[in-house]
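One chain follows as C-alpha cells, the form predicted alone.
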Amino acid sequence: MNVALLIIFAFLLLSLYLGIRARKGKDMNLEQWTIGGRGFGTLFVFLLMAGEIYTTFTFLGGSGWAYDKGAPTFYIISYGCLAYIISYWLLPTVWKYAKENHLMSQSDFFVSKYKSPVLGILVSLVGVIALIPYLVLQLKGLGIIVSEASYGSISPTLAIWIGVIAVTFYVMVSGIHGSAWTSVVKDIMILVVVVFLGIYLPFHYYGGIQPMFEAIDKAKPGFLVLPETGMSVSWFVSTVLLTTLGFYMWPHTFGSIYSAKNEKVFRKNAMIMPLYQLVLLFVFFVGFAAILQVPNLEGSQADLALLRLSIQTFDPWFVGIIGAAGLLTAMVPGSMILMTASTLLAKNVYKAVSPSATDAQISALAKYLVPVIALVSLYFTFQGGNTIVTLLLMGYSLVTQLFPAFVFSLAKNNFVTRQGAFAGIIAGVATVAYITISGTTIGTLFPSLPQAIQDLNVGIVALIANIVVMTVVSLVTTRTVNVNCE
C-alpha cells in the first residue's frame, strides 16, 4: 500500500470518527437528525452550505471544464455570486416561516404554503430525482479521486463502495450533525489545497498566471473567449440565470436553511460566501495549467486534469493530501443528499399516504431508506459516462422547475393555486425529461431562429413552459372557485 493511499484512508477514518461522534449527547429524533434541532450558528451553517456547494465538482468538474471548454467555465463563478446576493433577503424569510410552522423539509414548505400534501409528494419526487444525478456526480468524483491519487492501487469501483458504506453509516447514526463536523475538516483541507495548487502550478510551469494564459492563447487561439456559437454569450447569460434561480432549490440546500438558530446567520453568510467563490478561480487555474502539460484528455477524461497534473508534479505524500481533500468534497455533500432524499420520501411521501404513521416510525423509515437510496445511486454511478458538469446541469434543470411556485408563494397575494403550481412543475419536469432523453436543443427545435436564441440554455424552455402552464391553470382554477362560491 503506497503512502498516498494510506493518507487517504486516514482521512476517511477521521471523517467516519467525526461523523459518528457528532451524535454524542443528542436525542436523534427526526428534527435533530435532519436540521440539527434548529441550533446551528453562523459557522456551521456556512460550513454546511459550503459543504454542499463546494463538492467534487469544485475539485474535478471546474478544473475539467477549464481544461476542456475554456471561457464558458466562468459561468460557475457568476451564478454563485448572484445567488448569495439574493440569499440576503430570501433566506431569512424562508427560515422565519419554517420556524413558525415547524417545517423540516423543502416539501413541507410547499405543503404549508399551498395547503396540498399532493403537491408535497410531487416536490419530494422531483427533488429526489434531481438529487440522484447529483449524488452520482459525487460518487463518480470519489472513485476518480481515490483511484488516481492512489496511483491506481485501488479501483474506482472499490473506492466508491468503501466511500458509500462509510457515508451511509455515519448518516444513519448522526444525520446532519455528522455532515457539519466533517465539513470543518473538509473546508480547511480544500481551502489550503486548492489555493496552493492554483498558485503553485501556473508559476511552476509557466512562470506566472499571465504567462500561462498567454501560452494557452498562443497554442489555442480563441479558447479563452466565449465562442460565437454554442456556448456563446446568450448561452452564458441563460445558464447563469437558470442556475442562479435553482441554486437554493436543491432540497438539501433548502433544508439546511432550517438548521440556523436565527435569521441573522444568513445575512452574515451572504457577505462571506461571495468571497469564497474566489476559491473556484484557483481550481480553474489548475485546469488551465494542465492544458499544455497534460494534453489529449477528451470527453469525461477532462475531469482528470487536476489529478493527472498533480501526480506529474508532486511527491506521493502530497498527492495523498490532495486525494484526501477530494475524498471529503464527495463525502460531505453525499451525506447531505442521502439524508435529505430519505427524509423527503419518509416524511413527505410515505407520511402523506399513511397519515397514521407516528413520528418515531417516520424517523426510523428515513434512516432505513439511506442505504436504499445509496444502492440506487450506485447503480446509476456504474452506468453511463456523462461528465461531472453535465450531471450537475441536468439536476439544475430539474430543481429550477420548483422556483416559480416557490417565489410566488412568498408574495402577500399569491395568485398561483395549488393546481397551477402542480401543473407548472409537471410541465417543466416533462420538458426537461424530453430534452434530456432526446438531446434536443433550441437550435434543433427552431433552426430558423437567430443564433443568439438558438444558443440559449434549453432549460429556459422548460422554465417558460412551467410558468405559462402554471399561470393558465391558476387563472382557470381561481375562476372556477369563484364561480362555485357565487
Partner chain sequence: MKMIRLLALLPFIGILGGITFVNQVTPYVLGMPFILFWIVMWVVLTSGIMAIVFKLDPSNQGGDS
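Positions refer to the first chain, counted from 1. Everything quoted here is computed from the prediction, not taken from an experiment.
Heads up, the form predicted together with its partner chain isn't pictured, but that's what we're talking about next.
Peer 1: If contact means any heavy atom within 4.5 Å, which of 362 to 370, 186 to 194, 144 to 152, 72 to 80 contacts its partner chain in the predicted complex?
Peer 2: Looking at the partner contacts, the answer comes out as 72 to 80.
Peer 1: Select from the listed residues F236, F169, F408, Y200 the one whose heavy atoms reach within 4.5 Å of its partner chain in the predicted complex.
Peer 2: None of the others qualify; the residue that does is F236.
Peer 1: So which of L278, V118, L158, L375 reaches within 4.5 angstroms of its partner chain in the predicted complex, heavy atom to heavy atom?
Peer 2: Here the answer is residue option L278.
Peer 1: How about F380: is it within 4.5 Å of its partner chain in the predicted complex, going by heavy atoms?
Peer 2: Contact with its partner chain, no.
Peer 1: Would you check, heavy atoms only and a 4.5 Å threshold, whether Y88 touches its partner chain in the predicted complex?
Peer 2: Yes, Y88 sits close enough to its partner chain in the predicted complex that at least one of its heavy atoms falls within 4.5 Å.
Peer 1: Answer with yes or no whether I165 is in contact with its partner chain in the predicted complex, where contact means some heavy atom within 4.5 Å.
Peer 2: Looking in the predicted complex, residue contacts with its partner chain do not include I165, since no heavy atom lies within 4.5 Å.
Peer 1: Check whether P274 has any heavy atom within 4.5 Å of a heavy atom of its partner chain in the predicted complex, and answer yes or no.
Peer 2: Yes, P274 sits close enough to its partner chain in the predicted complex that at least one of its heavy atoms falls within 4.5 Å.
Peer 1: Does anything in 316 to 346 come within 4.5 Å of its partner chain in the predicted complex by heavy atoms, and if so which residues, in order?
Peer 2: If the 4.5 Å heavy-atom criterion is applied to its partner chain in the predicted complex, 316 to 346 yields nothing.
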